[in-house]
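Just one chain is shown here, as structure tokens, and it is the form predicted alone.
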């Protein structure tokens, strides 16, 4: 005889092809609320209105579920980054917003960051994985921001757009990870930190704004790209 469903159980999420997406949506909310360690496959199954065994038809374990939920989230974050670049009125403000977005993502996903570093970044197939593609789409917006305002590294400096991208996002990751280890995440001021970091980067990078030719009163005049 089939066991009656408890009163507090949820209705099953999704149907057929939509079920996997429904599970990911529920799991993302749970990971955000309780952190990675506070979530089990059983708790995800209960919140989804499914049996725990059903979850294993879609995900091999909790780590796999967390990684795939992260990929979906990063896809949405990449869209946010594209919007920031499109709306930016200056290189500085655009850079500040991109750094703030990166810091926010890392802080919100701090419980899953360890899983991401261990299971995704450390995997042998990472260079060819969907995870790398999503991350490059996200981080590529930084390069597009510099190009939008004609801010190009001086070739003589040895600095490239790829290096700038790695410095900006790598240092943000380091700042959050260090704060996590030292137990001071709650003291991080994202707005102030993003402003300070953006200002420091713009001072440190050897940027050569692109020269453009304009005409004023019939005379040619050389101007530099907007900062």
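Since we're looking at a predicted model, the values are computed, not measured. Throughout, rigid core stands for the largest set of C-alpha atoms superposing within 1.5 Å between the two forms. Residue numbers count along the first chain shown, from 1.
Below, we refer to the form predicted together with a further copy of the same chain, which is not included among the displayed structures.
For the options 197, 69, 55, 39, the residue carrying a heavy atom within 4.5 angstroms of a further copy of the same chain in the predicted complex is 197. Between the options 159, 185, 190, 47, the residue in contact with a further copy of the same chain in the predicted complex by a heavy atom within 4.5 angstroms is 159. Though the partner is left out of this view, residue 174 does reach within 4.5 Å of a further copy of the same chain in the predicted complex, counting heavy atoms only.
Residue contact check for residue 51: none of its heavy atoms lie within 4.5 Å of a further copy of the same chain in the predicted complex. In the predicted complex, at least one heavy atom of residue 165 sits within 4.5 Å of a heavy atom of a further copy of the same chain.
When a further copy of the same chain is considered in the predicted complex, residue 18 lies well away from it, no heavy atom lying within 4.5 Å. Contact annotation for the candidate site: 104, 107 and 148 all lie away from a further copy of the same chain in the predicted complex (no heavy atom within 4.5 Å). Heavy atoms within 4.5 Å of a further copy of the same chain in the predicted complex map, among the stretches 165-173, 39-47, 22-30, 60-68, onto 165-173 alone.
Residues are counted as partner-facing when one of their heavy atoms sits within 4.5 Å of a further copy of the same chain in the predicted complex; in 53-76 not one qualifies. Superposition of the core reveals a Cα shift of 2 Å or more for residue 135 between this form and the one not shown. Inter-residue distance, residue 62 to residue 178 (Cα): increased by at least 3 Å in the predicted complex versus the depicted form. In comparison with the shown form, the Cα-Cα distance of residue 37 and residue 183 increases by at least 3 angstroms in the predicted complex.
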